[in-house]
Every structure is written in structure tokens, then in C-alpha cells.
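A lone chain, given as C-alpha cells: the form predicted on its own.
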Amino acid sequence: MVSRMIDIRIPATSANLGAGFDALGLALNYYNYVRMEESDRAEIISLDGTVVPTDESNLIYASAKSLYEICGKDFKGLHIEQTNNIPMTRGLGSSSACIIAGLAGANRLMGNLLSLDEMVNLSAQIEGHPDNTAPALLGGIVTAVFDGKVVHWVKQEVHPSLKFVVIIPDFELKTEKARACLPTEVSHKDAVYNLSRAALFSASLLTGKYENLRTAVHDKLHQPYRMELIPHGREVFDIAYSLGAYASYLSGAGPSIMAIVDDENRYFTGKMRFSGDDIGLSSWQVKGVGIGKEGTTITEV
């Protein structure tokens, strides 16, 4: 089979941003890479040694195959080479990156049959919510509401004076477990608490009132419950604030923790690393990242 080959770059994402549970997310300049071309069978290679499924259960492959079927296109197989920089089950959108890679890659190979909005909708239908998939596809900070069929979204640019530092624990936390610990019902008071803070977060970013972010990331829907599954999580929050962070929140379902910092706080990452070592967290990663403004990009090889 003669076909063209494409390279796909998909950003890591950080969802929820504190109070914006299942609605807010941002893309990071921290990427997975996938090379894809049509084939007559499933050929899947992990270039970085990360153990991934090499059959049709591979999430990139399965997502791509589903799009071919939705579009009524003949599908025999794909050759996929993947480089997995985004750590799995750490709250940084690794599964969403695979879904987006498969959908975006298949769409390009078929000649861009789906529009950008259709891709946003379909990816949310597969994942169940758009807080990771939408920013992975679109880039930037995205506010998104999924009504079950359509995602209503707004992409927001972030001022370059902000930087982000992600603290990645040395253990996994599966999303299923992180969701299972959440209450099935919440009080009206707690719902209002979160609603007001999620609104404050977006408005404060838009207007540059970053002093509001510490209050805006407070949450009563998921973080207090998930924090119980993350040893030293509260200590890391406290350290980040003592070093001058505007805000700290659980990235997605956790266990990774994100700090939002002023760019002039030049030594925050190094101090965070040193302080983590001091409390026995030398095996945790501390990584300075920026906003992935472009989202997923595809180039012809």
C-alpha cells in the first residue's frame, strides 16, 4: 500500500485547574509524538521503551480505526510509531493525547473530512468529558461545556508573565480510582463555592488579577477527596505557596500537582526541587513547563 506518512505532536494537558471540575483545562508545551501511515495490518512501535499495547487495543490505533469506520472509509491497518513523553496515569492527559493522536491522524490521512469542531465533539464523546481532549486539540486554556453531543468551548490565551511548574510523583493514580473516591452528591453550598471560584479563575486570568488565583483554585468537589490518595500532597501545596506560587492545584485526577508562578520568580523550580528532596521526595520530578499554545500539530513527512 502506497500512502503518505505524517508526524503528529500532541501536548500534555492539565485539567480542572482547581474548581473547574471537568470544564477547564490547559495544554502544556510537553509533548507526545506519533508517526502514522496507512498499512495493511496493525504495526505499533514504542520508540522510547514505554510499554504500550501493540495490537488493535492500542488507544491511538483504536481511535483512528473508529474514525475511519464513522466516515465509512475502508480500513486495513496503520503503522504507528509513538514516543511517550507524557507520563501515564499521572494526571497529565496521557490517554487524551492518544485519543487525539488517533483522531487527528486519521482525519488528516482521510483528507480532513471532519472540521475542528467535529473533532472536539467526537473526542469528548470518546473520553466522556472535554477538559483534557479540548485543550490537547486546540491548545491554550480552554473552557468547555459538553452537553452529551456538542462541546461549547472558548480558548483563552495566557499572558507570558505566567509560568507553570508540574510536580510529578513517583507513583501512578488511575483515573478510575480517583473518580471512585468522589461523593455521588454534593451540597448546594459546595456547588456555589465551586461555581464562583471557577468563574473567578477565568476572569482573573483574562484581566491579569493573578492575586485572585489562590482563592480561585480552591475546590470542594474533588481535590479534598483525591488528596487523601496522594501522600505528601498537602506538603507540596504548602511548599509551593511558601515559595511564592500564585496557585497550586491537582492536575486532572492527580497525583501530579501544578503550581502557577510569576515568571520573575526565577528560582522557583530549583527551590521546589530542593524542598522536595528535603522532605524525602527526591524521586518526584519537578518540571518547568509553559502553555502549549498551538495544540496538536501535524506535518507531512
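Just so it is clear, the model here is predicted, and its values are computed rather than measured. Note that residue numbering begins at 1 and tracks the sequence as displayed.
The same protein also has a form predicted together with a small molecule, omitted here; what follows describes it.
Student: Please identify, from 127-135, 101-109, 189-197, 202-210, the stretch that has a heavy atom within 4.5 Å of the small molecule in the predicted bound form.
Tutor: That would be 127-135.
Student: Taking any heavy atom pair closer than or equal to 4.5 Å as contact, tell me whether Ala253 reaches the small molecule in the predicted bound form.
Tutor: Yes, contact at 4.5 Å.
Student: Consider Arg179 of the chain shown here, and say whether it contacts the small molecule in the predicted bound form, taking contact as heavy atoms within 4.5 Å.
Tutor: Answer yes; at least one heavy atom of Arg179 falls within 4.5 Å of the small molecule in the predicted bound form.
Student: Would Ile10 count as a contact of the small molecule in the predicted bound form, using a 4.5 angstroms cut-off between non-hydrogen atoms?
Tutor: Contact check for Ile10: no, nothing within 4.5 Å of the small molecule in the predicted bound form.
Student: Whether Arg90 contacts the small molecule in the predicted bound form should be assessed with a 4.5 Å heavy atom distance threshold; does it?
Tutor: Judged by the heavy-atom cut-off of 4.5 Å, Arg90 is well away from the small molecule in the predicted bound form.
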